[in-house]
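Below, in structure tokens: the form predicted alone, a single chain.
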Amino acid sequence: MMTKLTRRTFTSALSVGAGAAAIGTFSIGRARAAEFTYKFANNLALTHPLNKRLAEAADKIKEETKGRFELQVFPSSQLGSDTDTLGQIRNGAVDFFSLSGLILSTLVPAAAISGVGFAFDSYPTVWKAMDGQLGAFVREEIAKSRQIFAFEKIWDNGFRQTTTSSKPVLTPADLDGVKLRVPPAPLWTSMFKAFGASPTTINFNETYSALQAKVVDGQENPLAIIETAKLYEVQTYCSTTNHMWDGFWILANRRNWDALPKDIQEVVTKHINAAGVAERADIEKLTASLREQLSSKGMKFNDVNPALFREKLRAAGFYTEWKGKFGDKAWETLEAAVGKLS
């Protein structure tokens, strides 16, 4: 039976709703407040497949736990930039966070291993590695931080492409001197320096404005992000370099996670991992259609020969350098999945 809506009950309901920022709904009535309400932060637009699948998972978790657990999802860096939110997930101010392994590498260096330039040539190779020994190795390294842990299934961000406003990138030489926005991670900076570019670290939530103001000439991201973040409005050329595969680790604050009863942990784990597998299929399907869609919005596409870029990295000592930084065990695990690099 629905209770009568008064000014007092309406105000109370608004506070329970956690504001318009969080994905989800609440009903006014005799709904019981959740025993556990956890925040999930990410840097992606509400329309990105990750947020759509998270919303579905949140509903399923709430239903299966009979309302005991509520997952509130905050998209579009609403709780802070990637670097800010990484600090919040470590201290427990945020409970869950989806983050690229390359950015996570500022805390857990081994997390960047999946982003080595031109290592992966296809999705089957990616999932063989990340659902296998390479993914297990990275999760073990993340767990050593003691403050956070990663769920078993890494979500897909896609293969990354290079966009510019002044000229297309056809060969490695075309990157010489180009001021390119990169995320705050050493592997990106190192790779583009090897190509002769001038990589500039900018958090994602500031990327559009930096491109618009010509602070940088270009950037690199998967097509799904180029589309959902409307980067086609401030970029002209897109070179399908496929230079890195990138994925999102779903991270949880260890202390807050351990505070949950085991049965709720099992439900959350089941639905988060299942949503991740579904999101992978979403990204692959979406990417297949985005080239035509972005072309219709004015982007000019060109393909490149990846062998030229891989050879440039090899000659510049990039693979040798990063083999030394990651260590023999990590590098051998990567090469077991992708073949010889260095």
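This is a predicted model, so every value here is computed, not measured. Residue numbers here begin at 1 and follow the sequence given.
Same protein, other form: the form predicted together with a small molecule, not shown, and the subject of what follows.
- Interface residue among Q235, N221, S105, T85, judged by heavy atoms within 4.5 Å of the small molecule in the predicted bound form: N221.
- This chain is drawn without the small molecule; in the predicted bound form, the residue among W127, F248, F120, W257 with a heavy atom within 4.5 Å of it is F248.
- Note that among 190-198, 138-146, 95-103, 268-276, the stretch whose heavy atoms approach the small molecule to within 4.5 Å in the predicted bound form is 95-103.
- The shortest heavy atom separation between G115 and the small molecule in the predicted bound form exceeds 4.5 Å.
- Using a 4.5 angstroms limit between non-hydrogen atoms, N157 touches the small molecule in the predicted bound form.
- Among heavy atoms of M299, none comes within 4.5 Å of the small molecule in the predicted bound form.
- Mapping the unseen interface onto this chain, V304 falls outside it, with no heavy atom inside 4.5 Å of the small molecule in the predicted bound form.
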